[in-house]
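Here's a solo chain for you in structure tokens, the form predicted alone.
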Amino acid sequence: MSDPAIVKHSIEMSADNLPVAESCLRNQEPIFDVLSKELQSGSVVLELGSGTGQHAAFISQRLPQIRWQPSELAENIPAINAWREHVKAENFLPPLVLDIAQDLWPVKQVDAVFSANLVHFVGWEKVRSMMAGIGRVLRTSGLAIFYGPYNYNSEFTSAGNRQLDEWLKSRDPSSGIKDFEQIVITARKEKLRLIKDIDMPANNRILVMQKYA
């Protein structure tokens, strides 16, 4: 996340008139590499904060054995639908309108939950609501997978992440890169335990958590 163009998550239109976020183009392959190893065949995966829908399109085409359930705020649903219509993958499910802060989520039990670049875009109150929601809909032994930048021992891991944090707080003072240790503690309250912390390109990580009984 060190490139300012990525920091701003600028969205352009592709030659097919589809919304494209440059950050997705850069990270979708390494994210897929991890998910292809972590997700079991037959899984229903709920994606939180699906954005443009690019991850849903990219992964659903390459993992036809899973069912990918995107979700987003209402204003972003048309972009996801555009990608869904473009790829025509049967396992790319119709997107759900979902705000992670709401108490009742429009989805029943799922096998896994995934989010990319969501945790640092919202404040701690929404992160706690998100974890509580995940705790409600994720089956026992299911996985919660979070991609993005994190601080360790309250320290930024790169100058680029520090710049990203400054930009995030300029648009929303409650947002910003979260401390890894606090994420783990918050997740544990919802019976989610960390099982993997995976190094990713551009000073990002993937945290894999599993729900226990």
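We number the residues from 1 along the sequence you see. It should be emphasised that the depicted structure is a prediction, and the values quoted were computed from it without experimental measurement.
The same protein also has a form predicted together with a small molecule, omitted here; what follows describes it.
- The single contact residue among A82, V110, L93, V122, judged by any heavy atom lying within 4.5 Å of the small molecule in the predicted complex, is V122.
- The small molecule in the predicted complex is approached by L73, whose closest heavy atom lies within 4.5 angstroms of it.
- A residue is said to contact a partner when one of its heavy atoms sits within 4.5 Å of a partner heavy atom; G148 fails this definition for the small molecule in the predicted complex, lying far away.
- In the predicted complex, at least one heavy atom of A116 sits within 4.5 Å of a heavy atom of the small molecule.
- Taking non-hydrogen atoms only, G49 approaches the small molecule to within 4.5 angstroms in the predicted complex.
- This chain is displayed without the small molecule, yet in the predicted complex the stretch 49 to 57 from 152 to 160, 181 to 189, 33 to 41, 49 to 57 comes within 4.5 Å of it by heavy atoms.
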